[in-house]
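The chain below stands alone, shown as structure tokens; this is the form predicted alone.
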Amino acid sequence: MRTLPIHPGYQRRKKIIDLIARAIFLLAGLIAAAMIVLIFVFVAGRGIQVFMPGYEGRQDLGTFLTGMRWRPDLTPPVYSVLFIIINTITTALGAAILSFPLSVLTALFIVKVAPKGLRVFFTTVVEILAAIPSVVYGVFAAGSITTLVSKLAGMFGQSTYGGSSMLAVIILLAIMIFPTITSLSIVSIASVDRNLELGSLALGASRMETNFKVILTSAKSGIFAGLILGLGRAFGEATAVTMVAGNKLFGPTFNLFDTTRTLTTTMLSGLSETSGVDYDIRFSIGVVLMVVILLTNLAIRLVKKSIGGVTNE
């Protein structure tokens, strides 16, 4: 069969369109990076000035980073965040431990096990959960999760402040990050090369062995990306968590039925001024929060790299 030659003008137009598309993508990436840099510079500039000489009400950086009390009501006020950092990491990781396995198994069920009708239904449910505003989750937690935690504490002979506790925060965050991790896991599992699955089955592996040892291993990149985004939401959630945390003034908190305090709830609570040390110190907490998120993401990436197996990257 004879093929017609490609006109040189057509090739030039394709190259021009390709160059324009690349330029647009590059511009979008640069704008996104610039926004991140601008936000960090602004927050860091306001946060660092609290520790600079000449600042009225100057704070000691060492005390801020290593102290175990948050007492803005004292004279002079005490601002320390080490126990808050520990509480934030503990609650976020606790939520991930609860939500991550359930999210991955749900995604695997939706993509590889569920009939088509159920697949569409469960996918819609996950999408609806992801679209629910944070304040709605907070109202639900304040009315339901705290009641459940209070009853659970009574069974163990413990007492809570109306159910407001670290356990309530963990359960709330686990529910909130579930749709994020599940959605990305669904996309990642669905993108695994079908030939890998067929090859595993042809070699004698069962359907479940293939799902867990081949499919999940191949989809690990997207699954861990979902975990990173889920933890990002857990670290950054403020309004909903404030409703059930209790905002303890000292710590750290390791009793699941005791009140707690996170970096975001500290930034949100008492934010009634627009100037002065009590306002600027919130930006200092923001810098700490960004550093915690960055280090956590790096740790997750190291864990992902340490897990062997075939990937679809």
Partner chain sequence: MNKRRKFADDVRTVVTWLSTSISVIVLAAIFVFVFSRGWNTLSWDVLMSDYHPENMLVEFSDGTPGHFERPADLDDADVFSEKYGFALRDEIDHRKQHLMVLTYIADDSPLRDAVFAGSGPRKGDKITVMEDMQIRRFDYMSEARGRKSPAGFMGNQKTADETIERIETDGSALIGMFYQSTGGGMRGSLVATLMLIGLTLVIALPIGIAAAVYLHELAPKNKFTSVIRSFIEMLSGVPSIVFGLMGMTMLFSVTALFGITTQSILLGALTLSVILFPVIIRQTEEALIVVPDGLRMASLSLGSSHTQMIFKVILPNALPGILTATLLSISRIIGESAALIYTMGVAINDHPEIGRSGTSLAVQIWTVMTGEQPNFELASAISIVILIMVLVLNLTVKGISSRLNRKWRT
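Throughout, rigid core stands for the largest set of C-alpha atoms superposing within 1.5 Å between the two forms. Residue numbers count along the first chain shown, from 1. As the structure is a computational prediction, the values presented were derived from the model and not from experiment.
Same protein, other form: the form predicted together with the partner chain, not shown, and the subject of what follows.
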Check whether residue 268 has any heavy atom within 4.5 Å of a heavy atom of the partner chain in the predicted bound form, and answer yes or no. yes
Flag residue 286 as yes or no: does it have a non-hydrogen atom within 4.5 angstroms of any non-hydrogen atom of the partner chain in the predicted bound form? yes
With the cut-off set at 4.5 Å between non-hydrogen atoms, does residue 158 touch the partner chain in the predicted bound form? no
Looking at the partner-bound form in the predicted bound form, is residue 29 within 4.5 Å of the partner chain by any heavy atom? yes
May I ask you to choose, among 86, 93, 148, 139, the residue with a heavy atom within 4.5 Å of the partner chain in the predicted bound form? 139
So the partner chain isn't shown here. In the predicted bound form, which residue out of 80, 106, 180, 188 has a non-hydrogen atom within 4.5 Å of it? 106
Each of 64, 298 and 303 having a non-hydrogen atom within 4.5 Å of the partner chain in the predicted bound form: is that the case here? no
Between 141-163 and the partner chain in the predicted bound form, list the residues on our side with a heavy atom within 4.5 Å. 142, 143, 144
Flag for residue 294, CA shift 2 Å or larger between this form and the one not shown after aligning core: no
Taking the rigid core as the superposition reference, indicate whether the CA of residue 45 shifts 2 angstroms or more between this form and the one not shown. no
Can a Cα shift of no less than 2 Å be assigned to residue 61 between this form and the one not shown, given superposition on the rigid core? no
